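One chain is shown next in structure tokens, namely the form predicted on its own.
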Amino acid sequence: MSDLHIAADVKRKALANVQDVQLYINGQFLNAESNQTFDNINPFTNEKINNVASGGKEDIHKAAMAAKKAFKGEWGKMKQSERLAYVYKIADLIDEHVEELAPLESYDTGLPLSITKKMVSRASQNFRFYAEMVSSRMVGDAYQVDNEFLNYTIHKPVGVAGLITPWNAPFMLETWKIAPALATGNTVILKPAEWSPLTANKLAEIIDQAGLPDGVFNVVHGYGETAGASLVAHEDVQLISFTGETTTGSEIMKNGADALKRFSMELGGKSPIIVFDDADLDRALDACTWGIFSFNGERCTANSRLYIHEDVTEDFIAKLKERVDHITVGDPLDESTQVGPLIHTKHSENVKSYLELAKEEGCDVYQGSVPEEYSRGNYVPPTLLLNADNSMRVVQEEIFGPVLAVMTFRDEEEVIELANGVRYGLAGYVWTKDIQRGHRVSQAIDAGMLWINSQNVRDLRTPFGGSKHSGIGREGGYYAFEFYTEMQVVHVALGDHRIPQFGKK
């Protein structure tokens, strides 16, 4: 047994006594009003980790009342500098717990430890970034009208923000929403994904340690159809930020429409990676394999559709197969592992059903292997769907696993049409040494985010979001202020301007 295998076993034993998870409402850890719980399952062994409190309508109402009271009271009246001091304190506390958070996230989700370490380290950066953005970039405009008027705008927090987060990168994506919500002065109710509760609970402990006023931050675990639906329906929750599957996002918007809630939706993706014949093929190969097989393929911006120029297809696919053969599939707590188990049996079975469908639709399915010792886990090996075409369901639908559909193209016009030929529009990747063509093709693709000659490297200052069925709105940078704040305009008369005198004799 290697040193890394031994280290993974040590980490697993240390995590074996994880405590049951409660709700966090109004500064207290509580059982659900119903006292109901659900099992949290380890994706590596499919054994039970712990019990999680299953919140419902009553718990959401308690959290909403606490959040509303804090918004109207201490938090809402607090000076910005004092509020941001709390945000910085949360960042510092996250840094203190990084070594604990990364293996906890890996244990809960099946994501390789090498991935969770990077994600967790980004979480504190989210808080510091938004504290800095609020103090430096949350500014208004002033419009003077001759010497008669001064009109200016200000940003005001909206109120109670309902944040519904996914299971594929839970801790990082939770902080990605919580940080701007708190920094701009809102209060928060977090509804984490039920398949990944552990680091959300740890975050509640960290924020509790930071000493925020009661009710400012609340966590209600539970199922989407109970806790999630109740959060969306609650009349005192003005904002809903959701990251997840497109059909669920559509249902959330329908349920919140009557209350005219404000929505931010980051939904599904089926992003293309386009490799022209003049590209740096070795770098494109690196980016392509990383972009689909990292995060176990459970990534909204994954490049799940490859369009390779027909003149370089044979060599590129041969190298892709070689990469697939050598990807390390293993224990998520082993730092040498590149692909771990998928989050849940239901999800892995769904991904496997797409592989069967691919065969029925005429694809050649080429796969890596999963060592026999990991047979209890939810593993799907890195997979290539060769001889695919745009008409197939496996190309049109989001699979959300380590599965890459491989297709060819002849020219620029054709590949633009192919890339745009799905309902999603989250991201895209273009590889070419012709920078004019790179810009042309990128701008012609219907997607919210494009990378040219680059893997998925994020800049927190830029907007994040998609078009078509991939989402509504943008978060990130100062663009988040459009969602998390209300812009108000104040008109000031600088003199006694003329006012029509209706009814005066």
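Just so you know, these numbers come straight off a predicted model, no measurement behind them. All residue numbers are counted from 1 along the displayed sequence.
The same protein also has a form predicted in complex with a small molecule, omitted here; what follows describes it.
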Residue within 4.5 Å of the small molecule in the model of the complex by heavy atom, from Val415, Ile164, Ile273, Ala388, is Ile164
Assert contact residue (the small molecule, in the model of the complex, non-hydrogen atom within 4.5 Å, options Leu426, Leu333, Leu182, Ile292) equals Leu426
My question is simply whether Phe400 lines the interface with the small molecule in the model of the complex - judged by any non-hydrogen atom within 4.5 Å. yes
Gly244, heavy atom within 4.5 angstroms of the small molecule in the model of the complex: yes
Using 4.5 Å between non-hydrogen atoms, is Lys191 touching the small molecule in the model of the complex? yes
May I ask you to check whether Gln367 falls inside a 4.5 Å heavy atom distance of the small molecule in the model of the complex? no
Pick from 148-156, 265-273, 313-321, 70-78: which stretch has a heavy atom within 4.5 Å of the small molecule in the model of the complex? 265-273
